[in-house]
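In structure tokens, one chain follows: the form predicted alone.
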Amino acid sequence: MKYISLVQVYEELDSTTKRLEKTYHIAKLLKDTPADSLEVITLLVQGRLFPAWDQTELGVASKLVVKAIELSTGNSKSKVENMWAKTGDLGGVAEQLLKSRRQLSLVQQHLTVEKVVSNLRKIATLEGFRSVDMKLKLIAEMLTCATPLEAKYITRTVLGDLRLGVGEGSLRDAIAWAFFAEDMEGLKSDDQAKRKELSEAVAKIQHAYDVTNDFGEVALLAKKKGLKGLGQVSISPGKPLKVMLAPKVSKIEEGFDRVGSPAEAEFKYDGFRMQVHKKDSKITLFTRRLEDVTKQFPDVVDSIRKHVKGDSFILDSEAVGYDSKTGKYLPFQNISQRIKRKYDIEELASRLPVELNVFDVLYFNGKSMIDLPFSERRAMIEKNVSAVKKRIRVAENIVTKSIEEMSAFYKKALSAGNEGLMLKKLDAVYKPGSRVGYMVKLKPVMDSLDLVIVGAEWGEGKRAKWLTSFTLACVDENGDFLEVGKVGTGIKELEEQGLTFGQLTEMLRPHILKESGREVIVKPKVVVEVMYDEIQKSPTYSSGFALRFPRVIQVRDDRSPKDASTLAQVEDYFFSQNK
């Protein structure tokens, strides 16, 4: 497939902000794509080269792309950087400079999708000596062969900044339109009757994606095996799936209303989700953002190997830090550094120990468990997990219909240093990735928000070398990031005081997309937990809301940008804060 054919679809997607039009263009592309190219085309439309469960990254800095544009267009580095500073879009810079490039190749080669993907995936594998030079050569090779329009999107893809506004909902619906709609043109006009006919297909596509985390695989199944094939998709150990999420309630009575009575209640730990996979003898640990952290937690692997029965399984759990002297649970921020640690792992494990609290089983000895009632899944983990103090246990729980008994258990959870309770519906299935009310969280304080940093400002005076004011964003249903305010409070100058401006600056520096004076636009990569006094309506920010007196609590290394708090959550908190 010629790369220019895909690029022309990119242009159509870029030319509209309407979700239905985007869905139509994607659906037409998928429908016309041969089966052997469908998986990779589905990835490229998302600006990805690998499925969501695969954490492989290109690791290409903006400066290297500047150098590649310089080499392929014959322009000076300063000219490239000056144009970039004005527009904030290196893709646009590549396009403009290639229109008037001084050095034209003798034979213009036509780029194919296969060639582009091959080069980009090679870049992702390069490490060590001379790897930077080899990455530069591969990028420059593509740009030299590209048309100006192709160069724009190659550059954006390399930087992970495709800017097409294609969210999961649009891609899910596009797969349904492409393979289960009789009349694509009718759907374009938002014919509600015809869209209703697709509801079954949409539900099955969503379920298939939730358990595979791979729209490419889902699209291929839809094309080749139809609804029957989608309905047969199942989870399997070794491949992480989205965890089920919980909406918040403010009172025990509200919790009972949502999940039924009697209900099960468990401690809500202030740790991080850990999805435990065992296949044959191999144990793999994934965070909520699907990162493989097996090497960082050898102590957890050892506990699972020794104290969990079963040849193959997927467990849902929470890793919680504790003080090795007092045994008291510690907040997430105290152990978050273990997620990213690559060296001295054993030393850090002994200094910052964790206890694994297992609370669900999704797969066991060759069978998916997600369609079983929660009460049966709970009984299964109690039967197969052997508790070892401060190493591994089944999450502490009660089953009750008594408000008084639930209140006493709530107080016990808080006094033990936990955040509150999780209330669970006893006969509920497990819904990956959903906030369906099968479980709810009960906390005594206003819930914080997990927000993505999308911009910043360089400081002044003694803080001139740091980014000091950070623009925060939530995520909408299309996957777009909408601003909800700025924050500079809660961040320190000295490391012994907590999270510092210097640390945040170094996290964000590789992701800078544009600088204009003191203002900086950054790629949405870093997620921070933010507390605030109030949410207000505001025309200033694209979300329509603003946080009053926001303050950073911690960086959430276990959250991906797509795991950030949604616009719907912000709206919900806004309307509930005065109740």
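The first residue of the sequence shown is number 1, and the count goes up from there. Remember, it's a predicted structure, so these values are computed and weren't measured experimentally.
The same protein also has a form predicted in complex with ligand AMP, omitted here; what follows describes it.
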Exercise for the section: Answer yes if any heavy atom of Arg172 is within 4.5 Å of a heavy atom of ligand AMP in the model of the complex; otherwise answer no. Expected result: no
Exercise for the section: Look up in the model of the complex whether Arg559 has a non-hydrogen atom within 4.5 angstroms of ligand AMP, and give yes or no. Expected result: yes
Practice task
Tell me, yes or no, whether Ala222 is in contact with ligand AMP in the model of the complex, where a contact means a heavy atom of each within 4.5 Å.
Solution key: no
Practice task
State yes or no: in the model of the complex, is some non-hydrogen atom of Tyr153 no more than 4.5 angstroms from a non-hydrogen atom of ligand AMP?
Solution key: no
Problem - Site test, Phe267, Glu318 and Met439 vs ligand AMP in the model of the complex, non-hydrogen atom cutoff 4.5 Å - result: yes
Practice task
Answer with one of Arg258, Arg393, Arg273, Lys79: the residue that has a non-hydrogen atom within 4.5 Å of ligand AMP in the model of the complex.
Solution key: Arg273
Handout entry: Proximity to ligand AMP in the model of the complex, single hit among Lys239, Lys135, Lys424, Arg377 (heavy atom within 4.5 Å)
Key = Lys424
Practice task
Spot the stretch among 398-406, 110-118, 259-267, 292-300 with residues whose non-hydrogen atoms come within 4.5 Å of ligand AMP in the model of the complex.
Solution key: 259-267
Completion exercise
Contact check, 282-297 vs ligand AMP in the model of the complex, heavy atom within 4.5 Å, ordered by sequence, gives Arg288
